[in-house]
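The chain below stands alone and is given in structure tokens; this is the form predicted on its own.
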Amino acid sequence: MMRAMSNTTDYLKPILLRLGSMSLAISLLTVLALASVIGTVLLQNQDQADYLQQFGPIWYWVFRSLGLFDMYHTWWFLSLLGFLMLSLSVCLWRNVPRFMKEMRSSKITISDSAMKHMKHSRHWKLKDQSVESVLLAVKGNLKEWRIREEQRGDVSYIRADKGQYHKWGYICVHSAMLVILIGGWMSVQFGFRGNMSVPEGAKESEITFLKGTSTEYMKMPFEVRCNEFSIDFYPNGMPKEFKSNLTIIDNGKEVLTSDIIVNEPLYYKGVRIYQASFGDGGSDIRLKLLKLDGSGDVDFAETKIYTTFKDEATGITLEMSDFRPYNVENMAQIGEPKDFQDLGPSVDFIMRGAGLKAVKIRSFMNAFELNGENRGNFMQVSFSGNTQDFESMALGLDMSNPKEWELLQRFIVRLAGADLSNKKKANMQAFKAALNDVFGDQRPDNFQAMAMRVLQAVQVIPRLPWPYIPVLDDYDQKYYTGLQLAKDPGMNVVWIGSALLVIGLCIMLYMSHRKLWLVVRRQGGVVSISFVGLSNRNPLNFKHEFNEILSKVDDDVQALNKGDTV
């Protein structure tokens, strides 16, 4: 039985030595550091379509097979984390008892051969001097040191220590790393971070989050109601600050109401609720439908964001996807200082219909002004359906002025009956006739600028393949608040480990173990004194400290013998 236990111990010993080795720990730390760099550079848990568009199909499938899109939950990352924790545990299990034994070491004596190899030393020989007087004088200079004495025959030993507990630095640093890794593991295994969108006046209890390549859902043990969402803007229309007034409802009871802003979360039942974003919560929208069938009629469509409007007369559908009351763009030319300008409210929708190519449109409510000049309305069009592919399309007319739309229709009618042999003359005559049709003798002051816009519009609008032009006319803004809910059970553990790491590093960097020995021998009528010192680090500081003590010891020794040395 004893032989079997011995064989098992002999078998496990090299394995434990390898697990607790510094080379293995450094290798694991290096691999984990590289993996963490990848996880930092490559954004985690994003939409798979974004990854596919960014990397292409080949690299997308390579990264996906390696789990790089949700790296911190992959088996290989958690295995590396587990091996590093095991390595640190074995290292502590092997070395802590030895460190504790060294710090509690009661050995006071020192051999002559050891003293010969010490860099810092001094020796005296005195006549007719009592050993007790020498020891008493020397101990008086070491009051701040831990002093221990031992007598062996005719030899007296004094050992003085400072910083003898420096090994606690190594213990704290290794323990801190283990505690931090345990905290990280707890966060991965038992924590979560998900998003929740709550419209004003509504409540929600479910969060969504991306895990690997799929979207997961989790129901919270409480509900969150958004009582009010408010946002402040800079003069140019950029968001300045946004906040939400939230009420926590637990088991049907309102238990907590509080405002939250960015970086000031609400904390409830171990879950932190952050203000993360905002967006449209289903605003009421009214569109002006400017018909292109030659009639010049104008209809209106009442709808909501995230709903679909269908025009029964044409079969056209408008899928309302987003509304923004502010559109801040940099209007400066390349190389010029940034000039942010608010282009005003806009609505995004997808237009579909029989015989039409589906197209995504962003329609602006206000006419575009550049350097104080009215350039008329414009819209952005994306045939791919992606907002990144929007292309600007100038309509020319200021759609907020019904007279301009009427003027365009009359201009087209008058132009159809004009003699086009002289195009410039025909345009002038047709436009003057259209002005008389619309305004009579009371022409507007800006009719020259209006003429330029109408001439631009007649080149664009009749060529559009749509039965009408949808233009944002009015809205009733409703927001939703975008919240991020996170539970991190390992956070406090990581903080404890971080504090322990700072303490350990301070001990390692600023505390050194200094040792002094005084050896006094009496042989006949002669007293032989040896004073030696040793430090495990900071040799320059120790040299200065040793010389200061040596100077005092030398003065005391010389005074005891009244200068009569051998």
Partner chain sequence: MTAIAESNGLWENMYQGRAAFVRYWGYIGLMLGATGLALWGGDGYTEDAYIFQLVGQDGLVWLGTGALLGAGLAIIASMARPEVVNGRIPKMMVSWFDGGALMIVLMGILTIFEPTSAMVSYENQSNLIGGNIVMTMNVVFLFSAICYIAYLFAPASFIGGMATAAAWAGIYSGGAALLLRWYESYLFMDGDIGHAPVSNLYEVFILLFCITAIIYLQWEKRYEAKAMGAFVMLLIATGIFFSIWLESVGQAEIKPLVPALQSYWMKIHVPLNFVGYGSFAVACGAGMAYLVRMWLESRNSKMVAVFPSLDALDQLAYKSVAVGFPAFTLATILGAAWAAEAWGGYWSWDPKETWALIVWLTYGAYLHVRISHGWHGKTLAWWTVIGFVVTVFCFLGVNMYLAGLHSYGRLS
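Positions refer to the first chain, counted from 1. Given the structure is predicted, the values throughout are model-derived calculations rather than measurements.
This protein has a second form, the form predicted together with the partner chain, left out of what is shown; the following refers to that one.
Heavy atom of each of Phe300, Gln409 and Pro470 within 4.5 Å of the partner chain in the predicted bound form: Checked in the predicted bound form: no contact with the partner chain for any of the three.
Even though the partner isn't displayed, in the predicted bound form is Ser530 close enough to the partner chain, meaning a heavy atom within 4.5 Å? The answer is no: Ser530 has no heavy atom within 4.5 Å of the partner chain.
So in the predicted bound form, does Gly396 come within 4.5 Å of the partner chain, heavy atom to heavy atom? Contact with the partner chain, no.
If you check in the predicted bound form, is Met177 within 4.5 Å of the partner chain, heavy atoms only? Judged by the heavy-atom cut-off of 4.5 Å, Met177 is in contact with the partner chain in the predicted bound form.
Contact label in the predicted bound form: Gln484 to the partner chain, heavy atom within 4.5 Å: Although the partner chain is absent here, Gln484 would touch it in the predicted bound form, with heavy atoms inside 4.5 Å.
In the predicted bound form, segment of 458 to 466, 362 to 370, 167 to 175, 347 to 355 with a heavy atom within 4.5 Å of the partner chain: It is 167 to 175 that comes within 4.5 Å of the partner.
Go through Leu136, Ala114, Val262, Ala313 and name the one with a heavy atom inside 4.5 Å of the partner chain in the predicted bound form. Flagged contact: Val262.
Find the only residue in Ala33, Leu66, Ala49, Ile58 having a heavy atom within 4.5 Å of the partner chain in the predicted bound form. Contact residue from the list: Ala33.
Suppose contact means any heavy atom within 4.5 Å; which members of 180 to 201 contact the partner chain in the predicted bound form? Gly183, Gly184, Ser187, Arg193 sit within 4.5 Å of the partner.
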